[in-house]
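Form predicted alone, single chain, as structure tokens, below.
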Amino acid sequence: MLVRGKGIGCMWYGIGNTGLPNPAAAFVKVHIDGSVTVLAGCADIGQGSDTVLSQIVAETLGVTFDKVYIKSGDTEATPEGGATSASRQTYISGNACHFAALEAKENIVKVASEILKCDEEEVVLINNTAYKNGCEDKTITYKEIMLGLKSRGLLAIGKGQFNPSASALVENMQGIPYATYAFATHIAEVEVNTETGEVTVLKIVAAHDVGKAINKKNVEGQIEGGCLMGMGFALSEKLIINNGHMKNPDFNSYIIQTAQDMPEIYPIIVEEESGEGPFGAKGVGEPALIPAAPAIINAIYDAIGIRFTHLPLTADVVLDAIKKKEETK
């Protein structure tokens, strides 16, 4: 018999290293043609940080995304960026890039104000152009501004660094271990086959407070990938260790979820801007994974009335629990 159930999983998660110094740095240079080079230590291992950091710099300088070139994760050329872990890079390296771009922007705004004959506070930079606020019909190009810098002997170069305002925990475990937190709630619907013990995840609704979504498609991808990873944690991934040796070191015996197992996922992006993050952004790495397994476990409980406290819930584990429940009736 196939029975269905729904469950909820919630989480809050500190962004960055726990109560430790957690810095990152970046360099930004705007060239004579209006293009921009970013040097950032952040390693993009598939999470899309190169895209996000480039977007932050582009938005800060008022240039289009295609004008930004980033070199990242190169210890020979880039400054320290810290580990790509703890869901920290958008928040921390993003701020470093933002501050570097702000410093490079200073001379750009100075020269643009001189050309436009207005106060620096009135200069608006957008889409590779500048104009005086309230006079959108009269613009100058970034190239004109950069030629103005060159004629004045100025450069548009910036450096930036950021370390979150966290503090170490004291003896009674009190303190401020994180400067900001992410929050999420997942709702899962599952179908349990009571004759085989097989669990199928049908739908997951995943709502995440990400501060500010710098790249919404990227965030949705992180959420969807985290949900699938959480399914693996809940239902199939079992590490077998014997005397310190891994007994299932390949994907024939260590079973992960694949694209064929992907349920319907409905990502919901909640934007509640963080005070310190670049444009209010926070991280969404681990938070996308954490609530998935609890939501699935609670859905299984709703379906068959059995509470599990160990993972993974492979078909044999679920079927054995169903049989024991029937025997006690």
Partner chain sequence: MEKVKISFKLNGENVTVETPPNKRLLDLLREDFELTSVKEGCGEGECGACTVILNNEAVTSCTVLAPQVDNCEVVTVEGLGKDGELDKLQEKFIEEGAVQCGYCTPGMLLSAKALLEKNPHPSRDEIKTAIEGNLCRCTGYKKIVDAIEASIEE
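Positions refer to the first chain, counted from 1. The model shown is predicted, which means the values in this text are computed figures rather than measured ones.
The form predicted together with the partner chain is left out here; the points below concern that form.
- Residue contact with the partner chain in the predicted complex: residue 141 places no heavy atom within 4.5 Å of it.
- Taking non-hydrogen atoms only, residue 45 approaches the partner chain to within 4.5 angstroms in the predicted complex.
- Residue 224 belongs to the set of residues with a heavy atom inside 4.5 Å of the partner chain in the predicted complex.
- Using a 4.5 Å cutoff between non-hydrogen atoms, residue 228 counts as a contact of the partner chain in the predicted complex.
- Of the candidates 122, 114, 237, 103, 237 is the one whose heavy atoms come within 4.5 Å of the partner chain in the predicted complex; the others do not.
- Contact with the partner chain in the predicted complex, defined as any heavy atom within 4.5 Å, is confined among 255 to 263, 142 to 150, 155 to 163, 106 to 114 to 255 to 263.
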